[in-house]
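Let's start with one chain on its own, the form predicted on its own, as structure tokens.
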Amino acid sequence: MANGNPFKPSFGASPPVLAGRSEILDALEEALDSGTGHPDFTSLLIGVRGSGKTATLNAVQEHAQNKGWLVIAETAHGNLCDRLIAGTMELSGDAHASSGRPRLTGVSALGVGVEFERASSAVATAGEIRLRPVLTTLGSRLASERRGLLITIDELQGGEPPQLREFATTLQHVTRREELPIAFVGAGLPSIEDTMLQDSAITFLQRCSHHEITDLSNAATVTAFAEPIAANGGHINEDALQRVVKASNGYPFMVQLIGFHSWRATASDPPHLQIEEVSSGIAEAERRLQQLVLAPMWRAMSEMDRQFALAMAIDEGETLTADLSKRLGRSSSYVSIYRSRLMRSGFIHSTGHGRVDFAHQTTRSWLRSPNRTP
């Protein structure tokens, strides 16, 4: 087995080559360079699990840090605003020590009982502090230094509505009204379009620029797969590479799975990947995909979602939505609702007008298997 496997088939891990995201990254980096007036200064990345949202967030964070900006990276779960307050205070550091103005030094577990310390070391205890004044203080200082703060929030679909409302309201004030250099990039599953972004109290997040993290093109898949191999002294022949393109179907997580297990399957060092190694890697990747992606998605589906999917599995290839209406005994409008639901989840995708297919090639055989264990 070859050493130094460059592929990273883990959710949230950045791949060795972030292919196919240059257009989005260029827009976000331009926004940071341009300032608060740029429409992408506050943005949302929307895509299915394993599409590369977190990796894109990581790349934007790196750009911000390279230009001297401060960064707070959080997930939306739990007491988001308390963690943002704590993170802002930590970044504030000793910034105000020389001026004699208060320096934030601590916050209680519940976000109250904030302590201030002056340059004279006298300590005073203030009442409850909110996110907005903390961000305003730091943002004002950074503006005078011609720097900024980037806040990234991942897993928005798991956020608590009250927390997201407070954050959205605060962000609207500090970024758009006060025009402070506090940028925001959030990431979430497509389901946020039907849940979080339907909340009338989170209108500011609704107005953020939306960037869809889609499947990779064939060319981007080739880049994502072949470049890490070459960079580590390996080689893959053209037939094997095209097999990877077909089997991965543009799904970034599958590219990493196939790469990881194909690399492991080769005995040469540096590895020379051919059809044999890639075929072995694809077989193991499909097995892992069933465990890591398909089974969790199936468990989250409603009974009607499952009936829809099983009705599709009858076909050897793409399915006509007209046929689904007949098989399910439902109207076309009813079928359209579940078609949209399964497309948003990333379980199926459109292959043309009135036609759908499974997003992952292994789904059909998995659904047909009597040994399927969702």
Ligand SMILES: Nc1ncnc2c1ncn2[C@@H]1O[C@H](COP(=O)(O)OP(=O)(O)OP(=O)(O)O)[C@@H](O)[C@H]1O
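One rule holds for the numbers: they count along the sequence shown, beginning at 1. Every value quoted in this text rests on a predicted model; they were computed, and no experiment measured them.
Below, we turn to the form predicted together with the named molecule, even though it does not appear here.
Taking 4.5 angstroms as the heavy atom distance cut-off, pick the stretch from 277-285, 73-81, 233-241, 249-257 that is near the named molecule in the predicted bound form.
The contacting stretch here is 249-257.
Of the residues 143, 86, 189, 168, which one places a heavy atom within 4.5 Å of the named molecule in the predicted bound form?
Answer to the contact question: 189.
Check whether residue 354 has any heavy atom within 4.5 Å of a heavy atom of the named molecule in the predicted bound form, and answer yes or no.
Residue-level check for residue 354: no, no contact with the named molecule.
Quick one: is residue 10 in contact with the named molecule in the predicted bound form, heavy atoms, 4.5 Å cut-off?
It does: once the named molecule is placed as it appears in the predicted bound form, residue 10 has a heavy atom within 4.5 Å of it.
Is residue 49 part of the interface with the named molecule in the predicted bound form - any heavy atom within 4.5 Å?
Residue-level check for residue 49: yes, a contact with the named molecule.
May I ask you to check whether residue 19 falls inside a 4.5 Å heavy atom distance of the named molecule in the predicted bound form?
Yes.
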